[in-house]
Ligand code: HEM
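Just one chain follows, in the form predicted on its own, and it is written as structure tokens.
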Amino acid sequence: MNPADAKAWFGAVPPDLSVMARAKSADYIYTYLRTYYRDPSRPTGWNNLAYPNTAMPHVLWQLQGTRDAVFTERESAENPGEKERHFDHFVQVHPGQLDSVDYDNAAADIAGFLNYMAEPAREQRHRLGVWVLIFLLGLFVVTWRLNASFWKDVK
């Protein structure tokens, strides 16, 4: 998507979820995909609890359905007399093609895929890292014993 077109269509460039998966985690992407709600004040008509005022529309709304977020107002602990808005729960307005468990599983699959696509070599690097740490541990033991044998006659 051309960034200039995205800014014109959505008011801002939507986030690149593969970059977000690399920077934050697959768990964040999973939460991000599950916390959309209708918000008529936004240019796309959607908002998100994990990434408030996001420019990305809810592309999976047909699977999840439409939901409204219910917020409660409480007095601020830091600033007495001020009210803070806190999320309470979601209200399903229209059901989607999937029930909530199936949608959560689909969101988990998408988050896992985006996590893999963000850095396909990550698993290989982690496997290699274990062997490097084992090698360094062995080298440490050899160096420690060599040092002990070198300095054993020095008082």
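Please read all numbers here as calculations on a predicted model, not as lab measurements. One-based numbering along the sequence shown.
Below, we refer to the form predicted in complex with the named molecule, which is not included among the displayed structures.
Although the partner is absent here, Ala121 lies well away from the named molecule in the model of the complex, with no heavy atom inside 4.5 Å. The named molecule in the model of the complex is not approached by Ala4, whose heavy atoms all lie more than 4.5 angstroms from it. Taking the partner from elsewhere, Ile110 is found to have a heavy atom lying within 4.5 Å of the named molecule in the model of the complex. Heavy atoms of Val59 reach within 4.5 Å of the named molecule in the model of the complex, making it an interface residue. Taken together, Thr35, Pro40 and Arg67 are entirely out of contact with the named molecule in the model of the complex: none brings a heavy atom within 4.5 Å.
In sequence order, Lys24, Tyr28, Ile29, Tyr32, Leu33 are the residues of 21-40 having a heavy atom within 4.5 Å of the named molecule in the model of the complex; the partner itself is omitted from this view.
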